[in-house]
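First comes one chain, alone, set out as structure tokens in the form predicted on its own.
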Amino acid sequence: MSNIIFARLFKITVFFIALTGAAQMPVFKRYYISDIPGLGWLADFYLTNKIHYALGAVLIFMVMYLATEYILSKRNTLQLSRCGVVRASLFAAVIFTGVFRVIKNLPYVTMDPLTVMMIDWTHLSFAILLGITALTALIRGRSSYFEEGRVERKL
């Protein structure tokens, strides 16, 4: 798969995972967005939840693929930019807290309400920070995760 197609699939996945993540809150029904023809599915919590989980699995696969490719073949020629490090860290935090959200929602797992609230708010906070950081990088023209150049490694 070419890098351009992979990048577009990655962006589409991130867009729909953000959309279905927002649909976990009743905002689309409350503000009549789901009444717009073609967007009624956004008010169905269970459907958006299943789509969010499926896209989460796709996102984890894509991030692991990118990390493996970077470590195995590009680590000596490319280095992460500062903005790339921040966004990669936020992606890792969103994925990590998302896994805890999936565990929390399993039928045989019970957690106290404070833990549930902390998991939900942490996941939402990291997702919002990732969105703000990505939008800021796009506006400032620094959307690349990498900087070109020879990487010097200290032994």
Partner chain sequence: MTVKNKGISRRNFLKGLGAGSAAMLLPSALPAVASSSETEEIATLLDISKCIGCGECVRGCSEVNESKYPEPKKPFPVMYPTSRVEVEDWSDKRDVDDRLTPYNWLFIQSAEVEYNGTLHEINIPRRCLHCQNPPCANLCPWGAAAKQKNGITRIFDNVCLGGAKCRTVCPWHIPQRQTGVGLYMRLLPKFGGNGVMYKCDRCYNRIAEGQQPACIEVCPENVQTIGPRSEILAKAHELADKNGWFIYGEEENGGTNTIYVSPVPFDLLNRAIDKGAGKPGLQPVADSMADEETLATAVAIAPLAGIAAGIIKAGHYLSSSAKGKNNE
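Note that the structure is predicted; figures quoted are calculated from it, not measured. Numbering follows the first chain given and starts at 1.
Beyond the structure shown, there is the form predicted in complex with the partner chain, which is absent from this document and is the topic of what follows.
J.: At 4.5 Å by heavy atoms, is each residue in L9, C83 and L130 next to the partner chain in the predicted complex?
T.: Negative, none of the three is within 4.5 Å.
J.: Check F45 for me: does it contact the partner chain in the predicted complex (non-hydrogen atoms, 4.5 angstroms)?
T.: Yes - in the predicted complex, heavy atoms of F45 and the partner chain come within 4.5 Å of each other.
J.: When the contact criterion is heavy atoms within 4.5 Å, does R87 count as touching the partner chain in the predicted complex?
T.: No, R87 sits far enough from the partner chain in the predicted complex that none of its heavy atoms falls within 4.5 Å.
J.: M25 versus the partner chain, in the predicted complex: is there a non-hydrogen atom within 4.5 Å?
T.: Taking the distances in the predicted complex, the answer for M25 is yes, it comes within 4.5 Å of the partner chain.
J.: Determine whether any heavy atom of Y53 comes within 4.5 Å of a heavy atom of the partner chain in the predicted complex, and answer yes or no.
T.: Taking the distances in the predicted complex, the answer for Y53 is yes, it comes within 4.5 Å of the partner chain.
J.: Given a 4.5 Å distance limit between heavy atoms, list every residue of 16-35 close to the partner chain in the predicted complex, or none if there are none.
T.: Counting only heavy atoms within 4.5 Å of the partner chain in the predicted complex, the contacting residues of 16-35 are Q24, M25, P26, K29, R30, Y31, Y32, D35.
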